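In the form predicted alone, a lone chain appears below as structure tokens.
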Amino acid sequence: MTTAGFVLFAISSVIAFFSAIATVGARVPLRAALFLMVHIISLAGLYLTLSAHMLAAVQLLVYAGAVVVLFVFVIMLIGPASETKPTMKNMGIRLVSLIGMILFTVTLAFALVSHAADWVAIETSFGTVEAVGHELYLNTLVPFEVVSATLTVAIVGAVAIARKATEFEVGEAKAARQATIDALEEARQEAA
């Protein structure tokens, strides 16, 4: 790895680490979505250090350009009801989750520290559009489609569950119901 490649790797990995923590730890969903976008951009930088230029471009176009925008749209659609207020129960869950992740990370780090792999030559087709397309659409088509359908269902379900009726919508529904009742009453009086 060249010096520039190592610098890109170091910067991208540090940004990816802290933006992932900020994404999970953010109380305001919009900030979490923005930290997610920073994390996705840093992952694209890590793909560049692996010579996977196609994956880096797809990461930026699809995830940073489309998925994060969709998340922001859903957050805006749900409104302030999606924000969480810190409680003692939430703090306990966060503390247990933090301890669990620290233990998992330390265990994984110590398991991998003694692993030594030989450097292998990268094929010239690695990371190209042809190689990625061949793997994606021939060998892993079903998991790719299942993940896309699952993400769509999850977003639609989140909107359906979390969306609350606003005062304007409630007032509008009451006015429409009253207009229907008035029209029925008027029709009944005319018939009599």
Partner chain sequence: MENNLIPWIIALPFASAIAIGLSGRFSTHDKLDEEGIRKHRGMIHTLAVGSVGLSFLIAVKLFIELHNPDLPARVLTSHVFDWFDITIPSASGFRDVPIAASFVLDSLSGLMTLVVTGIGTLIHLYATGYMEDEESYARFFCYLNLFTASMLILVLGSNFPLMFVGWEGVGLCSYLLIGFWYETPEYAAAGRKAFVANRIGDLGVLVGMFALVSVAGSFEFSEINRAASMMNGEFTMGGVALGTTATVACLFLFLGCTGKSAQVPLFVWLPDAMAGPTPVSALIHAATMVTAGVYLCCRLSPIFLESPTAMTVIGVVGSITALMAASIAVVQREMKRILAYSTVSQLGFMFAGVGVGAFSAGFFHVFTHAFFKACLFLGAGSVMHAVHAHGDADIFKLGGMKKYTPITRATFLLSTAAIAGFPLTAGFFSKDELLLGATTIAMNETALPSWLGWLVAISLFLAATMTAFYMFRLYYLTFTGDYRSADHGHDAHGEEGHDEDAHHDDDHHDHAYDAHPHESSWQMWVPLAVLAFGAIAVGFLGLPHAFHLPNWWGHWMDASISHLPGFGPDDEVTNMTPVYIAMTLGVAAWAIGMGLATVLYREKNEDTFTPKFPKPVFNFLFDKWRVDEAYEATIIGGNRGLAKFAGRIDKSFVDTVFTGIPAFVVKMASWLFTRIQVGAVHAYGAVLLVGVLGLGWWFMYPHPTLDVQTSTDSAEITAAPGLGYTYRFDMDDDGNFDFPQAPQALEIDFEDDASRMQIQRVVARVRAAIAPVRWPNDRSALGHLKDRNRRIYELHPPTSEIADLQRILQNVDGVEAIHWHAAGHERVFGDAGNAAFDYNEEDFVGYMLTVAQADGSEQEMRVLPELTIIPDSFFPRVQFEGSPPRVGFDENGRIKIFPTATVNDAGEPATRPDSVLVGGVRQDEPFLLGLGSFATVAQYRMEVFPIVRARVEVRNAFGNTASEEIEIVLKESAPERVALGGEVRR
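Heads up, when I say rigid core I mean the largest set of C-alphas that superpose within 1.5 Å between the two forms. Numbering follows the first chain given and starts at 1. Quick caveat, the model's predicted, so the values are computed rather than measured.
Missing here is the form predicted in complex with its partner chain; even so, the following discussion is about that form.
### Query
Does any residue in 118-134 get within 4.5 Å of its partner chain in the predicted complex, counting heavy atoms only, and if so which ones?
Sequence-ordered list is empty.
### Query
Any CA movement of 2 Å or more for residue 107 between the shown form and the other one, core superposed?
The answer is no, as the C-alpha of residue 107 shifts between the shown form and the other one by less than 2 Å after core alignment.
### Task
Classify residue 98 as shifted (yes) or not shifted (no) between the shown form and the other one, where shifted means its C-alpha moves by 2 Å or more with the rigid core superposed.
For residue 98, whose C-alpha is compared between the shown form and the other one after core superposition, the shift is 2 Å or more.
### Query
Are residue 34 and residue 93 closer or farther apart at the Cα level in the predicted complex than shown, by 3 Å or more?
Relative to the shown form, the pair is farther apart.
### Message
So the CA-CA distance for residue 12 and residue 97 moves by at least 3 angstroms in the predicted complex. Closer or farther than here?
### Response
Note: Cα gap between residue 12 and residue 97 widens in the predicted complex.
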